[in-house]
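Included below are structure tokens for two forms of one protein chain, each presented in isolation as structure 1 and structure 2.
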Structure 1
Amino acid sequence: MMAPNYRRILLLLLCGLLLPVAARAAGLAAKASFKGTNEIVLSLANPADAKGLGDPANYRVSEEQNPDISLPVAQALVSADRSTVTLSFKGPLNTRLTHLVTLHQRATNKGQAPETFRVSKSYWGYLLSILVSALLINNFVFTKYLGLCVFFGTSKRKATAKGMGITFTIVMVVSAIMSWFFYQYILKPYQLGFLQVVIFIGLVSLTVQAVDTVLRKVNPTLFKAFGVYLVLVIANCVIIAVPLMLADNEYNFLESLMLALGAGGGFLLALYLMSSARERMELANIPPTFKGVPIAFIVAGQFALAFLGFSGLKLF
């Protein structure tokens, strides 16, 4: 009897996700979108019946969470063919939040009620930007300097690097999902925020122990390949940093999943890059004082320098 219920929940979840995409006002304005950080562009469906669109006083813009605070419109520019209006603001808008734009009566035809429409970014784009940000722009190894012990310990061979990276990503995703549930439904309602560290690290060790036991019984071959790395996962700072971050930022479920995937993938990427460089370094003629760990640090520094180039990357 579980199956139909399950499906309904999934369907509801999907609807909830698609809601921001579908939310669009009918009537005068067909579409509203952000342009840059301090402009909103309205595309008009019926340009003919629009009067007084060029007057900034006819607009009222606010964030959806605090509708009482009106953001002043500095300028309203109507395009030559009267099909789009560009509203400019003095300061930058927080484009992550949904904004409400209200058109007063004077702008629309007489007798019409003021029209309100919502402006929001595509939610999928936002999710993707979290993923890419954790993967490249804020790579946990090269720009946040976390998980370095395991990073230097397991990046000598490509095979080891891949094994560690994949194991880590799996444990990371599972433990991040569990931490999210614990934080949202137990720690937050009962105000047990101070137990964050204890609970999160406990969940990680539980996950590792569980994966260890299950893998040993279900797939011994896979266990032989990846079992060694499981113990190392606990000693990796990233595994505890991600739950702490998603608790701090109040991420929702999907956002947490994306952050965990990005963190795991970023670690895998960093390990793979580093191991490729270190395999080559074994053939190189390195001064005896730099052999081993010191040269690995210097190379990691150069990678970090290269990853600094991603910092200007901006998505959506």
Structure 2
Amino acid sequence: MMAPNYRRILLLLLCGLLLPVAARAAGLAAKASFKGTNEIVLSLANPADAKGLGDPANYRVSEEQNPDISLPVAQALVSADRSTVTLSFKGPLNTRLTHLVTLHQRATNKGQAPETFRVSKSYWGYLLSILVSALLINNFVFTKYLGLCVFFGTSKRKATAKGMGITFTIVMVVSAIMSWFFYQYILKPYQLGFLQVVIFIGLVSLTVQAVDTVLRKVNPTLFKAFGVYLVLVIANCVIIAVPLMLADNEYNFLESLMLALGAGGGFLLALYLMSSARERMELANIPPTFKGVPIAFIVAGQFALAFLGFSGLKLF
């Protein structure tokens, strides 16, 4: 007596599992993604129905935040196997934002409702791209040439370089978090954006003073090795650049955290690479004219040329 009930239950479960697949197959576009800065690629679920998709007039594209502003499609290219459509735009798209694409004529059947779907990047991939960009692609030392005073002053020994790099990262992350809160909840609501630099320097100096006190008690040897360079961190351009960038780009908390970690990690990487090279140079036969700071500048320039190889790298 119970067998029919079990069969009925299994049939209902099977229908529930297959319903999303059937619903997806009913639509024309199965997948949409950004390509570069001015293209959107549509992967078609039903290539046989891909008729009229080569006409740009059949598409309406807009940002989800501004659905009333249409972005004109310059060209719609259908692949030879009719499995993908590439939408090209005259200007760059803001790929940080989700876009809406509406197909006005998605098949030959008349009377079908337009199909609208969302195009967006993976948010976790976007966070990772911010981290990698600050770490390698836009390294603050080798591509933006910021923080060179501390960079050359503390990169003579690997132990000192690692300590300064870790200290820099801690100061950068803490000051960036505090700067983000101050910017979002005090400076923006009360129209005090013109005080950004003053407020951010004050927050950085507060963080450096705390690190100074902790290092003086916990690791006096490392504190003495830093010398005057720890004080220079207060107004260092690398430290100040991170709060200014997160405010200018309107990053949220996670994005600001990734930017600070990437910038701090990039500075640590630059210090460690430079200190390793300078320790080996002490054993090299260098002409007296180039010993010291001159050869350090030459090596730093070679590192900068090497980091230019990361230009244009895109993970997502």
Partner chain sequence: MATDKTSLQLVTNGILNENPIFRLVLSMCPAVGISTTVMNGFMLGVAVLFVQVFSSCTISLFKNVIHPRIRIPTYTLTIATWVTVIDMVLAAYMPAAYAKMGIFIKLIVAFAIITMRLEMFACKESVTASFWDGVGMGLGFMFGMMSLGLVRELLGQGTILGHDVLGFKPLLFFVLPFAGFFCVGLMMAFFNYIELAYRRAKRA
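Each residue is numbered by where it sits in the sequence of structure 1, with counting from 1. None of these values were measured; they are calculated from a predicted model. Here, rigid core means the biggest group of C-alpha atoms that superpose within 1.5 Å across both forms.
Q: Pick one: which is the form predicted in complex with its partner chain?
A: Answer 1, the form predicted in complex with its partner chain.
Q: Could you check whether the CA atom of residue 251 moves 2 Å or more between structures 1 and 2, using the rigid core for the fit?
A: No, the C-alpha moves less than 2 Å.
Q: Note yes or no: does the Cα of residue 195 move by 2 Å or more between structures 1 and 2 after the core is superposed?
A: For residue 195, whose C-alpha is compared between structures 1 and 2 after core superposition, the shift is less than 2 Å.
Q: Examine residue 61 after superposing the rigid core and state whether its CA is displaced by 2 Å or more between structures 1 and 2.
A: Shift at residue 61: 2 Å or more after core fit.
Q: Residue 221: how big is its Cα shift between structures 1 and 2, in Å, with the core superposed?
A: Its alpha carbon moves by 8.6 Å.
Q: Any chance you could measure the C-alpha shift of residue 73 between structures 1 and 2 with the core superposed, in Å?
A: The shift comes out to 5.2 Å.
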